[in-house]
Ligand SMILES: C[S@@+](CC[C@H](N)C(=O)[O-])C[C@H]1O[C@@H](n2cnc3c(N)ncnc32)[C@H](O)[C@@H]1O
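Next up is one chain by itself, shown in structure tokens, the form predicted on its own.
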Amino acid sequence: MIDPNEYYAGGLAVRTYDLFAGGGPLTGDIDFYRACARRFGTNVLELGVGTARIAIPLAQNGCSVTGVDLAQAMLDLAARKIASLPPATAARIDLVRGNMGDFDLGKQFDWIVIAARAFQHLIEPATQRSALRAMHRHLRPGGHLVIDLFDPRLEFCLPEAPLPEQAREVWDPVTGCRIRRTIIARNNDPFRQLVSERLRLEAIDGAGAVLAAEETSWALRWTLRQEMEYLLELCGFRAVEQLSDFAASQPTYGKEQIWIARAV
């Protein structure tokens, strides 16, 4: 049985999560979501809140954010970050452990955000539909859903698609180490539209010695644009904008799928 969320269970992967997040195709996403708050309202639900990388800037801008995540280790890290904020800002963030595939918070929101491709960790279509219907119930009439996916490049979805030639490396200012993340194995299942990857993380000191290492995995379901539009329609949404990056570029094959949909 595939665990699509093993990566978020703890250890080096969670501790260094923020160092890898937010760059590359996600460049500019925090400012984009701040702009969404100005458009859609200040009462926000973030699903897959993770380390509160998005929730904290929204709260700093005056939003009230409820953040839901399945991974307790991510929520624990988020709570430590929130505890260091000014009390008035920290009070605007409420963390809840839960599964975005099926949840009931007993209230509605102005808008919902699912950042950093978190929706794609729902690897079964039935769970995707259940999640979207739960989101619809949690939006006020006319409320908005903002969701980020990767747009699959089909040559990388084939079973024999090659692994990346280079590992990703980031600098950890806390430990002074380089953190290297390498994809060491990948299984593409075109029938299920599923990619499963095994990853190795290493903390490397200035002399090149590996001080810590771990292996972990994740899985994501890829979704084509037309398929996503049908999913939204099926679950009570109407897509009002599609973008391919956080600079508001028009949809482009192989870039991000950034959807803004309204509950109808």
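Note that residue numbering follows the sequence shown and begins at 1. Predicted model only: the values in this text are computed from it and were never measured.
Form predicted together with this ligand: not shown, discussed below.
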*Is there a heavy atom of L70 no more than 4.5 Å from a heavy atom of this ligand in the model of the complex?*
yes
*Is there a non-hydrogen atom of V65 within 4.5 angstroms of a non-hydrogen atom of this ligand in the model of the complex?*
no
*Using a 4.5 Å heavy atom cut-off, state whether N5 contacts this ligand in the model of the complex.*
yes
*Would G98 count as touching this ligand in the model of the complex under a 4.5 Å heavy atom rule?*
yes
*Could you tell me which stretch in 50-58, 223-231, 194-202, 207-215 has residues with non-hydrogen atoms within 4.5 Å of this ligand in the model of the complex?*
50-58
*Of the options R92, H121, H138, R181, which one has a non-hydrogen atom that comes within 4.5 Å of this ligand in the model of the complex?*
H121
*Since exactly one of A116, C177, L132, A78 fits, which has a heavy atom within 4.5 Å of this ligand in the model of the complex?*
A116
